[in-house]
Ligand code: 5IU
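Starting off, we have a lone chain in the form predicted alone, written out as structure tokens.
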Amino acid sequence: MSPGYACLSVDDIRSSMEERGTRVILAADFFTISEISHILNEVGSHICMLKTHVDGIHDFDLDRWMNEVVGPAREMGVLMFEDRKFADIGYVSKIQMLGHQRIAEWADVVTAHRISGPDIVEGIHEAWRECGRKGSVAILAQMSSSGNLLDEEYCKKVVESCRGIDGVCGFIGNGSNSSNISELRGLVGSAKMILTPGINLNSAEARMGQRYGHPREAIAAGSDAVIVGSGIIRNADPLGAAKKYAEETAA
């Protein structure tokens, strides 16, 4: 990372998770601000990050977003994780971070692909710097969806090219397959994080090409934190479910 970038470090993120006593990242895949605000207030004590797809929110309004979601998350100590999956050149990624949704002003972690080149990370961090903030990037190394093109060779190239970049906190792995996580941990080493989607205690909930793995197996295989969506937000008892996932991933 170029001099002058203040990054949210791996130690910062791991310390935050340890303080909160949970390795659960909640995938709040809702369409309205009020739904996301509600689930955050309900299960926030059992999650370490709130993962969003802000471009999928039908009633997005920046003021409401900051007041009803970002503000409460910060008060709880929950990190904001925008799963934008940036994939363009650095300059375009920067202007996307500073666009209508002002991602740079509130996101602590964002996701990106490596396919467009290493300057994507610099572009994202330039946006944070212009907002007087710091954050970190999680790079997609694997995916849990069936038929994806992120094969073993691509995964190796991604890890090798990003492992030494300070502005990258870690990699997104395939939580549905514990052997994939173990292989990724071997490539990554201990200095970077592995965050894994594709996690659900009920594998029958998989849909549209999704596959699921067990949270305890993902952690045992080398994941730092698991990303859980439907297993919590579609549960009849979201609070109880969030607590269960946090217990399943306890060190």
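None of the values given here were measured: they were computed from a predicted structure. Residue positions are given as counts along the sequence shown, with the first one as 1.
Not pictured, yet referred to below: the form predicted together with the ligand.
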**OP:** Could you check which residue among 78, 137, 155, 172 gets a heavy atom within 4.5 Å of the ligand in the predicted complex?
**Re:** 172
Original post:
If contact means any heavy atom within 4.5 Å, which of 33-41, 63-71, 49-57, 180-188 contacts the ligand in the predicted complex?
Top reply: 49-57
Original post:
Is there a non-hydrogen atom of residue 126 within 4.5 angstroms of a non-hydrogen atom of the ligand in the predicted complex?
Top reply: no
Original post:
Is there a non-hydrogen atom of residue 235 within 4.5 angstroms of a non-hydrogen atom of the ligand in the predicted complex?
Top reply: no
Subject >> the ligand contact in the predicted complex: residue 242, any heavy atom under 4.5 Å >> reply: no
**OP:** Check whether residue 85 has any heavy atom within 4.5 Å of a heavy atom of the ligand in the predicted complex, and answer yes or no.
**Re:** yes
Subject >> Interface residues of 19-34 toward the ligand, as seen in the predicted complex [heavy atoms, 4.5 Å] >> reply: 27, 29
